[in-house]
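As a starting point, one isolated chain is supplied in structure tokens, in the form predicted on its own.
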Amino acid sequence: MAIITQNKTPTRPAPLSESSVLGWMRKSLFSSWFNSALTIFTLYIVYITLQGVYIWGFADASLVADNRRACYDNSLTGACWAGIIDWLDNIFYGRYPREEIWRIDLGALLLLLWMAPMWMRKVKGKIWIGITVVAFYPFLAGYLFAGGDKGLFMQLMIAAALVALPANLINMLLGLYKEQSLGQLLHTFCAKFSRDEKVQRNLLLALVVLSIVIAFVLQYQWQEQGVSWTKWGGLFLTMSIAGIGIAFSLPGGIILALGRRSKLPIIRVLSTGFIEVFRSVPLITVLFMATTMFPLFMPEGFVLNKLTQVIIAVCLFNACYMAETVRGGLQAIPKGQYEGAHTLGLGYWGTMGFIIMPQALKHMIPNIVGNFIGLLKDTTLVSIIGLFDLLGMLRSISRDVPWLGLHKEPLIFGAIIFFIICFSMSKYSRHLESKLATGNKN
């Protein structure tokens, strides 16, 4: 049976003319006296709401003040944004040493450079770009943020990251200007020495190993000042926890979903039990259990700090929820796709990797992004166990002596930040749906 794939090019609706807009308004908003009255009343409510927000948040607001009392002296009815401005560094970076903030900025810049080719149409090998980001960037960024001594394994992963990042940038430039990938260029280079594919693979492997060895030697003397995890906080901590959780929850969910659908009883029972245990308790319970129970299962002398325990708990919790999303997507694929893949001679992993999983993931984009957004918002729960994430820092403003009692403005500012991030993720998911034609246009 043939494997059927659908590639629908979404059609963009024609722009509405002035007459059609007026006709739509007349039909939808002013079709009767009741609808007209309801429309006018709703517009009035919107008007007075926006007017109140403008007066409170802009016209009467205080942007410059030394304390909350000075804000009241300027205006009794306006917002006191001066406290937010005074705490901006803490809101974004927590208590991270101010002379070391460049490390956080550099880590964010490296991530943007690493991920930029994912949004460029001409760049090839995007799957490998995503794999290198998940596999190597956390180690490079983790040491950049934490500093301190490096073990042998950390040095190897950092060296691999220092090779992967330039290779990714070279691959991006080749895609933009020559419309080819770095892999094609290396294959052409190795083909000049021998036409034997085995020899070409060995040459390519030797080139990769040599690059990692050179990077290992170059980074061997690199050592940054250690920064305790207790000084991490603010938006930086929120994005660190959410970023690692997002990066590992999807592959972890895929593994658990495949394990739950496995024909091997032991794997199926273990996967099902693991998923049901984590999905049956709230995240706050998992966080408390992680900070109290993880040390009991560790070997004697092996200590995990609270931040590491929280990250592990968030990854496991969200991987279980993602597993059910992935399982639902796999069940939506017709059996004919499996039969067609077997007809082509593909085994289990070939069928899943090349036929089933790409189709299932495209249909699961809304649910996957919904889980990611939920994960980002759930990170605020870590403030309950003593970590000063974005919400924890915003709440700390009201306990600072100069800004004692300042509650509304910090929480509104935090809501705006979360809205911008979550709305951007939602819009990008809609873009992916349209690009991959997963939805039906009516």
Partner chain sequence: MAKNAETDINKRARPVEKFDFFQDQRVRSIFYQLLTLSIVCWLGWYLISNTTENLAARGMSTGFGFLSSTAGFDADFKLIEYIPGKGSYGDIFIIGALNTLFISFFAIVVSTLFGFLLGVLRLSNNWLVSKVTLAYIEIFRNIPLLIQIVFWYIGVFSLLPVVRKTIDISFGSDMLLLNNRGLYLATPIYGELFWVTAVAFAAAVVGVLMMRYKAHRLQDKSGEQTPLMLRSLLLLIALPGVAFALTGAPLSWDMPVLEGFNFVGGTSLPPSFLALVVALSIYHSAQIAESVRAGILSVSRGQHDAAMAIGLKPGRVMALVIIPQAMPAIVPPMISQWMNTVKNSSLAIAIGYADIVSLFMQTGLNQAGHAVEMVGMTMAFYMFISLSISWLLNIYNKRVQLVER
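In this text, rigid core is short for the largest set of C-alphas that superpose within 1.5 Å between two forms. None of the values given here were measured: they were computed from a predicted structure. Residue numbers count along the first chain shown, from 1.
The discussion below concerns the form predicted in complex with the partner chain, not included here.
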property: The partner chain contact at Asn67 in the model of the complex, heavy atom, 4.5 Å; result: no
property: Contact label in the model of the complex: Leu432 to the partner chain, heavy atom within 4.5 Å; result: no
property: Residue contact check: Tyr137 to the partner chain in the model of the complex, 4.5 Å heavy atom; result: no
property: 4.5 angstroms heavy atom contact with the partner chain in the model of the complex for Pro282; result: yes
property: Non-hydrogen atom within 4.5 Å of the partner chain in the model of the complex for each of Leu176, Ile212 and Phe216; result: no
property: Contact segment among 165-173, 293-301, 189-197, 140-148, judged by heavy atoms lying within 4.5 Å of the partner chain in the model of the complex; result: 293-301
property: Residue (of Leu404, Leu38, Ile48, Ala59) lying close to the partner chain in the model of the complex, criterion heavy atoms within 4.5 Å; result: Leu38
property: Sequence-ordered list of residues in 370-393 near the partner chain in the model of the complex, where near means a heavy atom within 4.5 Å; result: Ile373, Lys377, Thr380, Leu381, Ser383, Ile384, Leu391
property: C-alpha of Phe153 off by 2 Å or more between the shown form and the other one on rigid core; result: no
property: Shift of Tyr220 between the shown form and the other one at or above 2 Å (CA, core fit); result: no
property: Cα displacement of Met25 between the shown form and the other one reaching 2 Å, rigid core superposed; result: yes
